[in-house]
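Just one chain follows, in the form predicted alone, and it is written as structure tokens.
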């Protein structure tokens, strides 16, 4: 098992992330960690090198100039000695006690990647992080779980996912050279890699038995930049997946994937009509639209409470649904308008 941890300017958490990898309940001689200092301007590189003196199976790749997360991941895949490679964000952690659960599915030779269940580590920081805790749970436990039913998870999360190295290496160059509208694509590396594994004919799954944590944005500015980046990657990979998914997985394509894409990009149009056009032009206020959104949220929450009655963040899915309606849905339009801005953004 090889862990790859790309890192840029994460001096506060990188030591904990690396230490957590070596705490995994797995034979220690079968674990290696490859940490990539991707042009950090803080003390991240220095901390990573000091960690290498404590752990003989830690390899530190030190880049003076920033090359991007995708290139850091690719370098890790090329150097990895493990058959299975675990990709971790530098601010993410896998519960050591559940680590074996991310390995077990690879006994099936058709499994190409496994996504862990991830919750925000800093969920209790403020109201915004609590809403994200509810959103993360729904995103993984509902959407990824639904996709996993058909062994077709469309995005193995960059927070914590495992890949079969022998499948990734043949598509590595194509993945690195990904472009859209004639320009390189610097974001959505996890979604793009998952797409290429699916295209190669392998299966991708989500496991709620593997517990991971990550640090989520704690203010609106950070969240907006993250969401714009995610929406851009969703658009690019939706176009990529549409070229093959209807052939390889027709049932999933026509009952789930294409409807999801349609709803994603029609939502801001419908919200704009309900929230602005009808009240201003027709004098009709969007009571039913808002009530409909809340009823849909209630349906999700009923399932939320059924599968995780101990989870305390379920109530925050109601404000998240409204936040998505009034603010985040319109970021989709902005992301489309700014699709040729290939800057990474920052959290």
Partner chain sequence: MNNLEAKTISGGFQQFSFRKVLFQLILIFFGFAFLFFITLIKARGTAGIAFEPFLFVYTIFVTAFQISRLIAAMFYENAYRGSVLAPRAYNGALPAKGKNIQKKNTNPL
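Numbering follows the first chain given and starts at 1. Here the structure is a predicted model, which means the values were calculated and not measured.
Only in words, not in the display: the form predicted in complex with the partner chain, which the text now covers.
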statement: Testing 191-199, 135-143, 170-178, 81-89 against the partner chain in the model of the complex with a 4.5 Å heavy atom criterion leaves exactly one stretch, namely 135-143
- prompt: Within 4.5 Å of the partner chain in the model of the complex, do we find a heavy atom from each of 101, 205 and 301?
  reply: yes
Proximity to the partner chain in the model of the complex, single hit among 221, 209, 183, 243 (heavy atom within 4.5 Å): 209
task: Check each of 322, 295, 308, 52 and return the one that places a heavy atom within 4.5 angstroms of the partner chain in the model of the complex.
output: 295
query: in the model of the complex, does residue 233 have a heavy atom within 4.5 Å of the partner chain?
result: no
query: Would residue 128 sit within 4.5 Å of the partner chain in the model of the complex, counting heavy atoms only?
result: no
message: Can you work out whether residue 215 and the partner chain are in contact in the model of the complex, taking contact to mean some heavy atom pair no more than 4.5 Å apart?
response: no
message: Is residue 256 part of the interface with the partner chain in the model of the complex - any heavy atom within 4.5 Å?
response: yes
query: Which residues from 82-117 come close to the partner chain in the model of the complex, meaning a heavy atom within 4.5 Å?
result: 101, 104, 105, 107, 108, 109, 111
